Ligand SMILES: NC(=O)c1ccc[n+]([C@@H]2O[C@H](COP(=O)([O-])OP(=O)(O)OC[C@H]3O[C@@H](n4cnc5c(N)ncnc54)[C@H](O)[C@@H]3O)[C@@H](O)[C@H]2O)c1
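Heads up, the chain below is alone and in the form predicted alone; it's given as C-alpha cells.
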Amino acid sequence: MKHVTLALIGAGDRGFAYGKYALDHPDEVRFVAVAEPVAVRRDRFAAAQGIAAENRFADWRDLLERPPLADAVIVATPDRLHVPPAVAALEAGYDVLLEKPMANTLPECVALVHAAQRTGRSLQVCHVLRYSDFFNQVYRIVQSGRLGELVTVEHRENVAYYHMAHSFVRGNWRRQDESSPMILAKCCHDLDLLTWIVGERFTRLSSVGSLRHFRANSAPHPDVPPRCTDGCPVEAECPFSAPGIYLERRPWRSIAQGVDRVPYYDFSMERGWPVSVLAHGDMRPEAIRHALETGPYGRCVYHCDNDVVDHQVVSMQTESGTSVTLTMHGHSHEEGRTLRLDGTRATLEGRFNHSQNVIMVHDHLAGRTETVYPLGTHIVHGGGDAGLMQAFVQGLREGIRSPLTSAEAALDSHLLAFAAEQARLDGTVIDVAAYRAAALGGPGA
C-alpha cells in the first residue's frame, strides 16, 4: 500500500503531537519537510523525523514555492496564521490537515471552505475528539435510539484553573483581537461534538458570560506586583503562581496522586505541556526561571492584558425541540468534560477527565445502570490525536476523503461559536438559519 509523505507548517506543540504518529508508524507515513520560523523548534522536529537539511524552511512560502514535496501538508501555525498557508497549500495541489480553529473570523472560515471547493483538494480540520473512543461510544449510544427521543443535553467544558491561566490569561489566546473568542478557541471541539452527536441543526441560540475574575480589582493583595517573580507577598498562597505551576508543578503533582499512569505529563520536567511552551522546549530549570522573569508566562494573572471571558453558557434548541446547553469555564479543579443527555427512555451521564473516563446509561424501564469504560483518557484527547492521523493517512493512502472532519462539517461548529459570541455581546437570541444564510450567502446555505 502507498507510503504517505507529509510536510509540516508550524512545529510547535501541536505539530509535534501529529509528528509522533509518524514516529510510531514509520511503515505508513513520514515527514519529509518542515517550515517553522523558530530555529530550535524547526531543527528539533527535523532531527526527530530525519528531514533533510534542504527541506527545512524558516518560511512556509519557501516550502510551497517548490514543486510538491509531499502528498499532503499539516498546518499547525498559531490560529491567526492559519488561512494564508492553508489556502496556498491547497492552491499548490496539496491536501491539507488544518489545526482547529480553522480561522479567527467567520468570513475566513467560509473562505477556507470555498478554497477547498475551488481547488478540488481535501481540507480536514483537527476535531480530534470525534476520533476518541469516549465520544464515539456516546455517539453510537445516541444514534442507536437507546435513549429514546433526546429531551435535554447538558455539556460542560471544565477548563482547569492552571490551563485557564496559562492559555487564556497569560498565553496566546488571552486577547480576542490577537486570537478569537474563547468560545471558539476552546469550544469549537464541543460545538462540533454536539452537532455530530445530536445529529440535528440548531434553530435558536442565546448566550451569557463575562470575564469575572482575572482582573486587577480581583487581586488578593494591594501590593501584588506585575510578575510572580517580583516578590509577590501572596505568591506561596496563590493557585495561579507562575513558579508554582511551571517550576514546582503543583497542579501535576496533585493529579499524579490519584492517577497511576499519566502519559502526557512528565513529572521529572524533562518534557510536557505547558512547561514546554515557555522556552521553546528548553526544560532546564534555569531556562524556565528566565522565561518567567522576562516572558509572558511569568506575569501576575491580575495584571495581564487579557480580555476573553472566563465563563460562558450557550443555550440552543434543535429542529425537533431538544434543549442543549454548553457551559465553559476556567475555574475547574481538574481538566475535562462532563455531560448528561436525558431521553424519553434512558439517561446518559459521562465524565471525560484526568481521573475518570466513564459513561453510565440509566435505563428508565429496566431500572438498571450500565457502566462503560471507554479506552483512553482526557489526556492527549482520549486517543483522538492518533485516531485523526490514522484516518487522514489512510484516506491519503486509499484516495478516500472522509467527511467526518471536513472543512464543510467543521464550519457548523465555528458558525455556532461566532453566533454565541454575538448573542453574548448583544444580549439577543440568534436565528441560526438566518445567521448561516447571511454568512454563506443565501437562504439555502
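For every residue, the number given is its place in the sequence shown, counted from 1. Only a predicted model underlies this, so the values are computations on that prediction, with no experimental measurement involved.
Keep in mind that the form predicted together with this ligand is not shown, yet the notes after this line are about it.
Chemist: Is residue 81 close to this ligand in the model of the complex, meaning a heavy atom pair under 4.5 Å apart or at it?
Modeler: Although this ligand is absent here, residue 81 would touch it in the model of the complex, with heavy atoms inside 4.5 Å.
Chemist: In the model of the complex, does residue 54 have a heavy atom within 4.5 Å of this ligand?
Modeler: Output for residue 54 is no: heavy atoms all beyond 4.5 Å of this ligand.
Chemist: Can residue 31 be called a contact residue for this ligand in the model of the complex at 4.5 Å between heavy atoms?
Modeler: The answer is no: residue 31 has no heavy atom within 4.5 Å of this ligand.
Chemist: In the model of the complex, does residue 418 have a heavy atom within 4.5 Å of this ligand?
Modeler: It does not: once this ligand is placed as it appears in the model of the complex, residue 418 has no heavy atom within 4.5 Å of it.
Chemist: Just one stretch in 86-94, 312-320, 72-80, 209-217 has heavy atoms within 4.5 Å of this ligand in the model of the complex, so which one is it?
Modeler: Stretch with heavy atoms near the partner: 72-80.
Chemist: 354, 174, 189, 155: which sits within 4.5 Å of this ligand in the model of the complex by any heavy atom?
Modeler: None of the other options qualify; the answer is 189.
Chemist: Given that this ligand is left out here, which of 408, 59, 398, 65 has a heavy atom within 4.5 Å of it in the model of the complex?
Modeler: Spelling it out, the residue with a heavy atom inside the cut-off is 59.
Chemist: Across 25-40, which residues bring a heavy atom to within 4.5 Å of this ligand in the model of the complex?
Modeler: Sequence-ordered list: 35, 36, 37, 38.
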